[in-house]
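We begin with a single chain expressed as structure tokens, specifically the form predicted alone.
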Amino acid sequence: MLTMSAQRLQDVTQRVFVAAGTPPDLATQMAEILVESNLVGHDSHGIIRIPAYIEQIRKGTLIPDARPEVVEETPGSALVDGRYAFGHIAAAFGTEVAIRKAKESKAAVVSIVRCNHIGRLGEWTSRAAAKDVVAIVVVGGFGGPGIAAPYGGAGRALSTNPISIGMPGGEMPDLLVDFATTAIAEGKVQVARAKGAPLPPGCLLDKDGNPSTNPEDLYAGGMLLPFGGHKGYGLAMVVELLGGALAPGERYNAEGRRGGAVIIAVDAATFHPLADYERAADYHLRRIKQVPPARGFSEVLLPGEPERRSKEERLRDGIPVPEATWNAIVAAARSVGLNLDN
């Protein structure tokens, strides 16, 4: 296992994307976003994704110099054309539109179509919460076989259909919920694969429908399972319809792509002054923190606390990078004419 500083990884990421045809300002944004995922402990959505994005650029499914734009809007809604740019760039743009409209109209919904992988959804809900906006972000409805089975099924039908919710605190830190509706995110399967580690039981079926803990089985035709059985499956279907029916992906997307990302944003001061919202939020957050820990736990953590603590630790001690991940990044860099030894 290698250990590298955030600055080193940002520099590498920026250089690789520029070499692949990305304008420097967009490459810098991508570097900051991906390494932030590593910092907060979600390596599944960090630099491990670089080789896949370079391959998408090579295939023409990701246009590295494209920039998103609003194509339809009302005071409380906007349709963003991601133009097959980096999904993170489209999501950052769409999030800013949602925040602005929520501030102007109290509530807003933004849909992003022609959108590539937008990375860690908590990035976008955290940005909204930092500006006193409650946000829900979902990605789903892409159709096709997907990589996940419905509850009770033994065939691919869904994507991981993630959802994130961010709520601002006052004196207390913001609340962040961010998870796939599968028992494990596909990116975390990639991380386990890079480490040569097994998956927890109950996450995966092989191509024949048998339970498995081998990450390789997913990429040999296996399928992820929903978390929490029928409950996770129900939430996955909500995300499926939000992304696949509410978002007009079928009208805008090409090459068989469907679905997209949806951002629902509400100004925290919609129903009372912001100070009153913050006081009420802090009451509930403090009330939970004061619950005594159960046996085997040292404290009750709020959603979002593990990420904040990981960031503090990794800024101080560096970011662990599996050698397989680093070797794949070096190979991706070479494929675009960049030698990372220089």
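So that there is no doubt, residue numbering starts at 1 and follows the sequence shown. Predicted, not measured: the structure shown is a model, and the values here were computed from it.
Not on display, but discussed next: the form predicted together with a small molecule.
- If you check the small molecule in the predicted bound form, you find no heavy atom from any of 134, 166 and 265 within 4.5 Å.
- Among residues of the shown chain, residue 108 is not one whose heavy atoms approach the small molecule to within 4.5 Å in the predicted bound form.
- Taking non-hydrogen atoms only, residue 36 never approaches the small molecule to within 4.5 angstroms in the predicted bound form.
- Although the partner is absent here, residue 162 is a contact residue: one of its heavy atoms lies within 4.5 angstroms of the small molecule in the predicted bound form.
- Contact check for residue 288: no non-hydrogen atom falls within 4.5 Å of the small molecule in the predicted bound form.
- This chain is displayed without the small molecule, yet in the predicted bound form the stretch 115-123 from 115-123, 150-158, 77-85, 209-217 comes within 4.5 Å of it by heavy atoms.
- Between the options 93, 252, 179, 233, the residue in contact with the small molecule in the predicted bound form by a heavy atom within 4.5 angstroms is 179.
- Of the residues given (63, 302, 281, 27), 302 alone sits with a heavy atom within 4.5 Å of the small molecule in the predicted bound form.
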